[in-house]
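Only one chain comes next, encoded as C-alpha cells, the form predicted on its own.
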C-alpha cells in the first residue's frame, strides 16, 4: 500500500536542494556559508524523519520505493557523509576559488539520487537514482572553474561515466528481455529456475555489473579514479570516495542477497566477481606504491578497499559489508579532511614531500591523519582493523580461504604506502626551500576531524551498539 511516509526523507533532501538553489539566485551573497547551514538543517530534518521511521516498513509507487531499515540506515549514513562534506566546504570553497553556492544544491541532489538507489528493489528506478547521482558528481568535480585539473577531472568523469551508463542501460534491456522483470527478486527467480539457456540474461547481468563496477571503482573499470580524485576539489573527492561507493555496494547487496545457487550461471557470476575482487585488491595496492601525490595514494587506496568490500558480497555476509562501509566513511572522510587542513588561501599541499615534519609542526592535523592512515591499513584498535576482520572471517566461514589469503597479503602491501606518509610527517625534516604554512582558523574542519577520529576509535574499540543496529537493518532483507 502506498504511504507518503516512504517519501518523506527523500522529499526533505530534495526540497532542501531546491531551496538552496533559489536562495543562491535571489540573494547571491559573496559569503556562501549560510547556504551550507541551510543544507545542514534539511539534512538534519531528513535524518530525524529516518529515525522516526525505524522498524516500520513503508512503500510507495506500488512497491518500487521501499523504506525498510536497511534503506534508513544508509539514509543516515549518507546524511552524515553529506554533513561532513558541507562542513569541510564552508571555508574551502572561498579559499580555493570555488565559491559557488550551487555546490550545496548539487550535493543534496547527489544524496537524493543515492537515497533512491538504496530504497528501490527495481533496477530501472535504481538506474534513475544513479543518473541523478552521476550528473551531480560530474558538475561537482569541475567546481574549480579556473583550474585545468578540475576541468579535466569533470570531463573524464563525464565521458567514462557516460560509457558506464550505456553499458548499464544495455544490460537492463537484456535482463528485461530474458527475465521479463526489472524487480530484483524476479531476476533472481529467473536465474534460479531450471529452465532453458540463460545466455542473454547472463550477458545482461554482466553489463549491469560493469556499470556498477565503474561507480565503485573495481579494476579494470577504475581508470577514472586517480585523475578525478586528484583534480576535483578535495571535499568533493572525499564525497566521491565514500558516498557513491556505499550506494553501489548497497545495490549489489540487494542483487546478490539470495543469488548464489547451484546453477552454472550463478557459479560463473561468482567466479567473475572473485577475479574482480582479486584484481582490485592487488592492482590498487601495487600501483599506490609508486605514487607521490597523497590524493592519488588515497585514490588507489579507495580502489583496493572496494576489493575488500567485494569479498563480503561474495561471502554473503551483509552485516560485515555494512559495518565496513560505516567504518570506511569515518576513516576516509577523516583522511581527506586532514588533506583539506593542509591548505591555505589559493594553495593546497598534496605532495608527499610537503608532509615532512608536519606531525610536529601541526600536531592536530598530523596526529589525526596518522590515526586515519593506520585505520585504513587495518591496525588495531581502529575501525579499519575490525572491518577487515569481520569481512575476512565471514569469507573463511564459507570456504573462501584463497581469497582471504590474497586479501591479507594485499592489505600487508598497503601498510607500506600508508606508513610512508606517517614516516614523512614524523621522521623527516622539511626541505628549506619548501616551507609549508597552512591556515588553522577553520573550526568546522577541526569538528569533522574530531568526529571522524571519535568514530574510528569508537567503532574499533566498542563496535557492539552499531553492530546491533546493522543487524536490525539487514534483518529486514
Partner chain sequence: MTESFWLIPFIPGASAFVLAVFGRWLPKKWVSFQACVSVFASFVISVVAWLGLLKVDHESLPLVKTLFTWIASGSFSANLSLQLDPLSSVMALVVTGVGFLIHVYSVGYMGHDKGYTRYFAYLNLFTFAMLILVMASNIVLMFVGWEGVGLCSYLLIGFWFEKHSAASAGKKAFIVNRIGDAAFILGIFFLIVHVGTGEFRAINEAVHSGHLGAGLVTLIAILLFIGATGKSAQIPLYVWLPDAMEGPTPVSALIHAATMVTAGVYMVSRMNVLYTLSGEAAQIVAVVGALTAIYAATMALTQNDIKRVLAYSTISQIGYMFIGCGVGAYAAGMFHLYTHAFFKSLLFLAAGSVMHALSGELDMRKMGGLRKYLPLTYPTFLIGAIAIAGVPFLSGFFSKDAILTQAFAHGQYFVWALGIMGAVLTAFYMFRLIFLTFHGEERIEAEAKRHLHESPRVMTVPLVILAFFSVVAGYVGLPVVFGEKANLFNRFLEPVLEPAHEAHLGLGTEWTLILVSVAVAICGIYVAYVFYLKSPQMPHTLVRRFPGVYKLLYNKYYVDEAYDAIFVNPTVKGSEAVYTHFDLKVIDGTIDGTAEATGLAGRVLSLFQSGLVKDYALAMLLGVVIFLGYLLF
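Keep in mind that this is a model prediction, so the values were computed, not measured. Numbering follows the first chain given and starts at 1.
Beyond what is shown, the protein has a form predicted together with the partner chain; the following relates to that form.
From the list 349-357, 316-324, 205-213, 239-247, the contact stretch for the partner chain in the predicted complex under a 4.5 Å heavy atom rule is 205-213.
For the three residues 159, 224 and 272, a heavy atom within 4.5 Å of the partner chain turns up in the predicted complex in every case. Of the listed positions (362, 163, 190, 385), a single one reaches within 4.5 angstroms of the partner chain by any non-hydrogen atom in the predicted complex, namely 163. This chain is drawn without the partner chain; in the predicted complex, the residue among 106, 309, 395, 276 with a heavy atom within 4.5 Å of it is 276. For residue 300, a non-hydrogen atom is located within 4.5 Å of the partner chain in the predicted complex, even though that partner is not displayed.
In the predicted complex, the partner chain stays beyond 4.5 Å of every heavy atom belonging to residue 92.
In the predicted complex, residue 290 approaches the partner chain with a heavy atom inside 4.5 Å. Taking non-hydrogen atoms only, residue 75 never approaches the partner chain to within 4.5 angstroms in the predicted complex.
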